[in-house]
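As structure tokens, the next two blocks hold two forms of the same chain, structure 1 and structure 2.
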Structure 1
Amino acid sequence: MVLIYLIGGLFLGWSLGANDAANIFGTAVGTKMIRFRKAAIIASIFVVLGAVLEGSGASQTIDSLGTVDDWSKAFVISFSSAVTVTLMTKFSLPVSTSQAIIGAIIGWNIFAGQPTDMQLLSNILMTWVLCPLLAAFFALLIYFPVKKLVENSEVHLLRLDAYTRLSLIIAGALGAYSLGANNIANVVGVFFSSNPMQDLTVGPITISATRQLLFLGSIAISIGIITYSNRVMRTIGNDLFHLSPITALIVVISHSLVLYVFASEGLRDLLLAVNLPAIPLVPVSSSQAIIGAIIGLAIAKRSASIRLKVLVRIASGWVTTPIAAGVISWTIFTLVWFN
């Protein structure tokens, strides 16, 4: 029964794994720098680690946005998000799981007549804008030292290729860890208040109900990676901008840093300790982080004009995705469940 209610979130997790792993390993696998099997194993392991070790921060933010005290309601919210993502993908509209879940929660809040924390919501909206901007900034920051290193170091082309492969694996692992830490909130965040799990004690170790939930969600992401991301990885990469293995490395590192910044409780505490403003822990769009990093790279290379169409597409997703998810969530609650 628990699994049936969780299935909306798990489906969302599967879809996230199938699509977003391509952001991390797409170019490396597409250019055959790394075999898919190796990429899938690394991504799966590190997604689980990221989710279990550092996934609770962003998940709590999702939980705080709307009180969902029943699994069945949490199921409708995550199911609405999954339907939104599926429909918008089908119609080739820009969509983000992170933005869909927020919209679906607001749809629930409206249906239930409970207030939405506007301060928190504005923080979340701010991170959506900040996410691609910060990714562009990181890409700019990383590009120049990498360029200098590659072009000035007297390392043989073949040796450089081997180092690049190794770096792509490390960056991919970091990317998968950050994806798990940040985006697990989309999968299980709404189930936090109504978590059906019990703490599990095995010998001297107690595994909390929250960690079990994070683990279950991350397994769904891993299954998505293993079962379906191969196809996405082989088609991604050159849609927006041709990436060489080295520029792909810069993009993946920038993306990973952004997702980590918006997921790490440790980093937030560190900033607070030195009296700096805390970064909100919010699930952000992995795809938009990638696009932001690519734009940063294009600026650094001064080789490509930034297409206004791409920016408009990102911005339109910030509006259309949550509205669509909100409407679908509200409609399901109204018509099917509680009418």
Structure 2
Amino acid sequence: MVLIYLIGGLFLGWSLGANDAANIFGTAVGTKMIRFRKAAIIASIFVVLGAVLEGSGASQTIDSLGTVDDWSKAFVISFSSAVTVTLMTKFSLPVSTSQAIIGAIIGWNIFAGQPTDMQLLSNILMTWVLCPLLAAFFALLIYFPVKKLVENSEVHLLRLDAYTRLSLIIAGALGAYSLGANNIANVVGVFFSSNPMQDLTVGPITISATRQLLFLGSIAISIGIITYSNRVMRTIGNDLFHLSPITALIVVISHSLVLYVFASEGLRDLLLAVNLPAIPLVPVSSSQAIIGAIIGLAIAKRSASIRLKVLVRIASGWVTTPIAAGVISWTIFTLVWFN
């Protein structure tokens, strides 16, 4: 029975892996520096690590947005989000799983007649704006020193190519870790209040119910990466803006930094310790981060070759995703009431 109710979350995890997780290696695969199979395996491993080790912070934020105290309600919210993301993925649109789960939760709140925490929602909406802007800023910041380093390098071309491949793998692993830490909240956050898992003790080791939930969600993400992410990788890697291996590296690093900033409890505590404003622990859009980084890179290169039609198509997915998820969630709750 527990697994039946968790299917909605696991389906959403698969959808996230198929869509959002494609961003972490999309530029590397699109430039043919790394084969898809290798990228998928590395991404899967580090997504699990990030989710299990640092995924609880952003997950608690999702749990706080709406009171979901029943497994069946959490199932409907997750299922609605997953359906939305899967439909968008079918059209090769790198949509935001974060926006889908937020839209579905608000759909539930409207149906249940319960208030949405507007302060928390405004913080989340703010991050939807800050995410691509911050990614663009990081790309601008990184581009010029990397360009200077490459131009002044006397390393043989073949060795430089090997270094670039290795750097893309490391950056992709960091990106996958950050994605797991940040976006696992979209998969299991709504189950936190009604977590059906029990603490598991194996010898001297006790695995908490929360860790088990995070692990299951991350496995679902990994399956999505391996089975269905190649299609969206082509959209990110080739269609929007032509990326060289070096610029692909810059994009992946910028994207990874943004996701980690909004996921790290350690970074938040450090800022508070030195009396600086805390960064909200919020699941942000991996797709928005990667697109923001690409646009920042285009600005740094003073390039006018951004494919505006592709950008508009992607942006339209960001607008329609939370609305569609909210409508689907509200409709399912209206048609079928779970006690």
Partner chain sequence: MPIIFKLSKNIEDQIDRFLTMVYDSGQIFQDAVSDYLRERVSEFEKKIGIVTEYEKVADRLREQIEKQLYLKTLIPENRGDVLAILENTDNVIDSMKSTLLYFSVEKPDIPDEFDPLFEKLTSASVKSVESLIKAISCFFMDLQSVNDLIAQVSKFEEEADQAALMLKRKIFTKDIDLCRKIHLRYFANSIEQISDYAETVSDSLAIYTIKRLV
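Small disclaimer: the values here were computed from a predicted structure and weren't measured. FYI, numbering is relative to structure 1, first residue = 1. In this text, rigid core is short for the largest set of C-alphas that superpose within 1.5 Å between two forms.
Novice: Which of these two, 1 or 2, is the form predicted together with its partner chain?
Specialist: Pick structure 1 here.
Novice: Aligning on the rigid core, do we see the C-alpha of residue 14 shift 2 angstroms or more between structure 1 and structure 2?
Specialist: Comparing the forms between structure 1 and structure 2, which are aligned on their rigid core, residue 14 does not shift its C-alpha by 2 Å or more.
Novice: After fitting the core, how far does the CA of residue 318 move between structure 1 and structure 2, in Å?
Specialist: A shift of 4.9 Å at the C-alpha.
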